[in-house]
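Heads up, the chain below is alone and in the form predicted on its own; it's given as structure tokens.
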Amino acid sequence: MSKVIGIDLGTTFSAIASLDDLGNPEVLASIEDNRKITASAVYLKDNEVIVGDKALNYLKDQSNNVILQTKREMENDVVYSTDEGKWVTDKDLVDAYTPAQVSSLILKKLKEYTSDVKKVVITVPAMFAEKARQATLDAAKIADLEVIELINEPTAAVLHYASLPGVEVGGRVMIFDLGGGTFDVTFAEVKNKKVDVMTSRGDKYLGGRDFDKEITKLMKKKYFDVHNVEIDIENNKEYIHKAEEVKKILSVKDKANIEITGPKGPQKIEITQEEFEESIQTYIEKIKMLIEEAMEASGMNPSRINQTLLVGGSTRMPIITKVLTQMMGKPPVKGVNVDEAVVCGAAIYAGLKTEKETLSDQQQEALKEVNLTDVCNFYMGTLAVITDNHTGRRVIANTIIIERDTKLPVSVTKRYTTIAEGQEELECNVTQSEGPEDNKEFVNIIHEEMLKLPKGRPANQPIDITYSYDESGKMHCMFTDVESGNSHEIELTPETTATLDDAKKQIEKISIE
């Protein structure tokens, strides 16, 4: 019987789960300390690495060697420098690691929690850009894992909610996913174990870590109020970790106390829940705006939403329940471990994508009625020459091929034409945007390659462009010259095999603890 494995690769915490013999998801615990949730922290020094909560012990004395929040860097061309203690753009540095490499160390640690892990489903934020998704796949390859598929975190969470025997979930639901580094809000229709996603909105740079930084600002201000001395703790990893502990206390108590050490010595300070909530109001307003945007996109309003499902550790903050109750007219669903919902859903999805003959009869029975339909979370397009309606001039603009919120899987073909007589090549580019942009300055060009064309032809030769998007958010793009049949397929993979091999060799030299 094949092992069915799901992994939640989070900004601050990660987890691994499998389906048990009866087809129920089970979060696996660390052999060392029996914890089911592992800190996404990596301590790196002299080819030795410590992954998880023990890595946090080095924040005080060796913070440069502790890597946090790697997930936020997955779409960026950066490396982590242990000399500088931060992410930098100089890729030629010695003892520097890409986000995919650091993430692979977390994945390697998680796979130690059970034996013979080969194939997995890994979760990603709904608003993760294509490059970040590909970097996640690269991390898995470096860790010797085969990814069956990626699944959006809120989608995985609602799969778990819908499959729980003691929780009644049905009708139109809002999945509110506020984690350590990202925020997603998703609307879906749930009927028994059938989940039909309608739309998602979110911010990949809004989460618990941002709230922690606001607490460090309060610490800084309160120290200044007593001693009239500025201290730099907003980017201090040790104090950011302490701020996280304060945030947890303020989730259950009205105030928290902490001691801060500065130029004038140690100082005990007190932070109240009211002060904290006031400090994060800008983020709360952004969250409310994204909820309203998602409701508008899906044609929903609070009266039509049956339930709000919570996902992610940051949803434990009292202000979140307060805001959601005010907005939706009813409190969110309680009684589910918000830290484990995503990874459990990933394990269920892994079961759906595993060959039936490798599952037990009980597992097949448990998954029999589970069904999932997801959507494309971005506008996918290409740059083309068009005639501007206002000026009558020909300009390069973004044109949409797959609309946002299109049900997956989907395949769309649109016809374009060459623009010049004797044109011998075509620039094949793929764009991604959160809005229906036509201005090329406001889209991300996620890939560019050239297609060779036959010589000596007149202008206006037909070119068919086909974008196919599967359930896991993987894109396949085909550019075809209709007359000659010449075609060019774009594989949206940021790293070459050689580059990945080098990255893997570098990681293989490291001893993981």
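In this text, residue numbers run from 1 along the sequence as written. Since this is a predicted model, take the numbers as computed values, not measurements.
This next part talks about the form predicted together with adenosine monophosphate, which is not shown.
- With the partner omitted here, the stretch from 231-239, 348-356, 427-435, 246-254 that lies within 4.5 Å of adenosine monophosphate by heavy atoms in the predicted bound form is 246-254.
- When adenosine monophosphate is considered in the predicted bound form, Gly179 lines it closely, a heavy atom lying within 4.5 Å.
- A residue is said to contact a partner when one of its heavy atoms sits within 4.5 Å of a partner heavy atom; Val102 fails this definition for adenosine monophosphate in the predicted bound form, lying far away.
- None of the heavy atoms of Pro125 is located within 4.5 Å of adenosine monophosphate in the predicted bound form.
- Remark: Arg316 counts among the residues lining adenosine monophosphate in the predicted bound form, judged by a heavy atom distance of 4.5 Å or less.
- Arg209 is the sole member of Lys131, Arg209, Arg72, Arg404 with a non-hydrogen atom within 4.5 Å of adenosine monophosphate in the predicted bound form.
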